[in-house]
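Okay, here we've got a single chain as structure tokens, the form predicted alone, with questions on binding and movement later.
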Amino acid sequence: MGSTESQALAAVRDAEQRAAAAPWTVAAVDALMALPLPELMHRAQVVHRANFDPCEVEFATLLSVKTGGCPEDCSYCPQAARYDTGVEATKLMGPDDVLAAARAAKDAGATRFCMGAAWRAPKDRDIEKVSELVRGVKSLGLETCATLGMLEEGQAQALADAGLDYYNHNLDTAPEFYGQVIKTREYQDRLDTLGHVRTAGVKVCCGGIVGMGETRRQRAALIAQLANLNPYPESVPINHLVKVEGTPLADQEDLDPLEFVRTIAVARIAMPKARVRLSAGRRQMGEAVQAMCFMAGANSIFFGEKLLTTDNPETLDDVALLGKLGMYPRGRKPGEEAASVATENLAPAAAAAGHSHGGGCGCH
């Protein structure tokens, strides 16, 4: 066995041991991120192959069931009411429109359907309505996910009782950088919501956004924070900042694309069994960077032309890219095309009702 292979296998054992017991330090993650890129990619790929089919990608679709009007001050978010971004506030979508969108997503190959609402914290009556949506989407045979803001214990339990599979609540960034991005919600508020979700027995979808002006060490601190959650999230969306005119981060300097790839790789190593999702910003990456992210261990994408309020790669472009790479959607055999991938399948009736569908920035 060559020395490089031995080192990679040692990295797998180390990742598994840390996931089981020893916490990841920021210094340890930072050291991983500083490795020569070929070595880092190799280690990430070995860890990935030990836990997943390296050619399989999960397709998830995110629908904004309640857009805009959020009272928070998240510096990246076009849905914040205090910023002039052209996003109009809407009411919660009705069950018929949501189910139409979910059927279209399933026909296009999605296996998970995520519903996002721009609330700081939902009211109990909102939870009742979302629970109805969850039950309807579950009846279609899709995994369900919701991102609704901060939850109380009883609200998390109500969603669990409705059959919710995942709850998304991102940490966004490292604790020490958080105050430069958000001031209307404390970091502990986010951790408390994640605790309520875990207690209710719902799986956790939790990640962050990179490219907001943080340092490499702060990106490492975000990954360490996520990896040290007990247990770490089952899904980890890594978002690349999408700069939106009218938000405080509209003129933020671009992040080096290879830094994003490094972030994906260390997320894979630190959280071996998590689905690491390429979320917002894929359209700006291009095919080559996305391919590198898949090689670094990403194995989930948001599928469809819209995220919550921003553009995503064209549906047919995603299918074509996976074809070029010899990769395939979760639940399908190698070489089998995604069923009904025509673009119109991901333009549900909800769009006609004035709602943006998709996902990505993970603003909650």
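Numbering starts at 1 and runs along the sequence shown. Treat the numbers as computed from the prediction; the structure is a model and nothing was measured.
Absent from the display: the form predicted together with a small molecule. The rest refers to it.
Open item on the list: Only one of 225-233, 251-259, 100-108, 147-155 has heavy atoms within 4.5 Å of the small molecule in the predicted bound form; I'd like to know which.
Closed with: Within 4.5 Å of the partner lies stretch 147-155.
Open item on the list: Since only the chain is shown here, I'm wondering whether residue 220 would be in contact with the small molecule in the predicted bound form (any heavy atom pair within 4.5 Å).
Closed with: Residue 220: no, not in contact with the small molecule in the predicted bound form.
Task: Distance check, residue 211 to the small molecule in the predicted bound form, heavy atom within 4.5 Å - done: No, residue 211 sits far enough from the small molecule in the predicted bound form that none of its heavy atoms falls within 4.5 Å.
Task: the small molecule contact in the predicted bound form: residue 185, any heavy atom under 4.5 Å - done: Heavy-atom contact with the small molecule at 4.5 Å: present for residue 185.
Task: Residue contact check: residue 274 to the small molecule in the predicted bound form, 4.5 Å heavy atom - done: Although the small molecule is absent here, residue 274 would stay clear of it in the predicted bound form, with no heavy atoms inside 4.5 Å.
Task: in the predicted bound form, the residue from 133, 197, 242, 164 that sits within 4.5 Å of the small molecule by heavy atoms - done: By the 4.5 Å criterion, the partner-contacting residue is 242.
TODO: Check, residue by residue, if 35, 216 and 270 all come within 4.5 Å of the small molecule in the predicted bound form, counting heavy atoms only.
DONE: Not one of the three qualifies.
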